[in-house]
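In the form predicted alone, a lone chain appears below as structure tokens.
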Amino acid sequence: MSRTYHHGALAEAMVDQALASVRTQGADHVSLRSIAQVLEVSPSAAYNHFADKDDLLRAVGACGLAALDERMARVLAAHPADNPDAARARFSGLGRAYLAFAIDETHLFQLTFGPICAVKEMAPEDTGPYNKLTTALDELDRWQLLKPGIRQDLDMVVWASAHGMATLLVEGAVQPDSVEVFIDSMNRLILG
């Protein structure tokens, strides 16, 4: 029997296979049995690593969050200067990265931010993407680029707005060409 994983790395191979399945078909089409079959292992071997399908999907959702964080990190790296223009570019770029992730990785986005992966004990500020947003807003505030008096809790408002726009994009309620309209509108609303 030729296995498609390295001995001792079955859990990682299962996550990789489930991630590929989520990306192409969505989370509803993933099962521990089908993943075990593709990897040519018994279902009981799969259950040794993940209690159930949701447990496996939560591991895939963590990959989704890491993929979003990586996209956002690339935006920050592309605008390293410590000046007002770079601060604006980082903020707008983070929004574009978030929305592009939703468009490019629709099924993974839906899983990552859906009910299966919702961790009630984890606050948004415990995630890399949210921290990047907060830092970008703090930088805008440091450069006095925000409208006076709006910084408090603005991170939650901006995140909720971007997530709402991402959901509308994913559901087809708005078209991808509206991303720049959204980014421009957000900038006009919060920047002084």
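All figures in this text were calculated on a predicted structure; none of them were measured in a lab. One rule holds for the numbers: they count along the sequence shown, beginning at 1.
The same protein has a further form, the form predicted in complex with another copy of the chain, not shown here; the description that follows concerns it.
- This chain lacks the partner; the member of I150, V38, A66, A45 within 4.5 angstroms of another copy of the chain in the predicted bound form by a non-hydrogen atom is I150.
- The candidate spot formed by M156, S178 and M186 lies fully in contact with another copy of the chain in the predicted bound form, as each residue has a heavy atom within 4.5 Å of it.
- Contact annotation for G164: at least one heavy atom lies within 4.5 Å of another copy of the chain in the predicted bound form.
- With a 4.5 Å cutoff on heavy atoms, Q110 counts as touching another copy of the chain in the predicted bound form.
- Another copy of the chain is not shown here, and in the predicted bound form it never comes within 4.5 Å of any heavy atom of P80.
- At the 4.5 Å threshold, heavy atoms of L168 reach another copy of the chain in the predicted bound form.
- Residues placing heavy atoms within 4.5 Å of another copy of the chain in the predicted bound form fall in a single listed stretch, namely 156-164, out of 136-144, 56-64, 156-164, 30-38.
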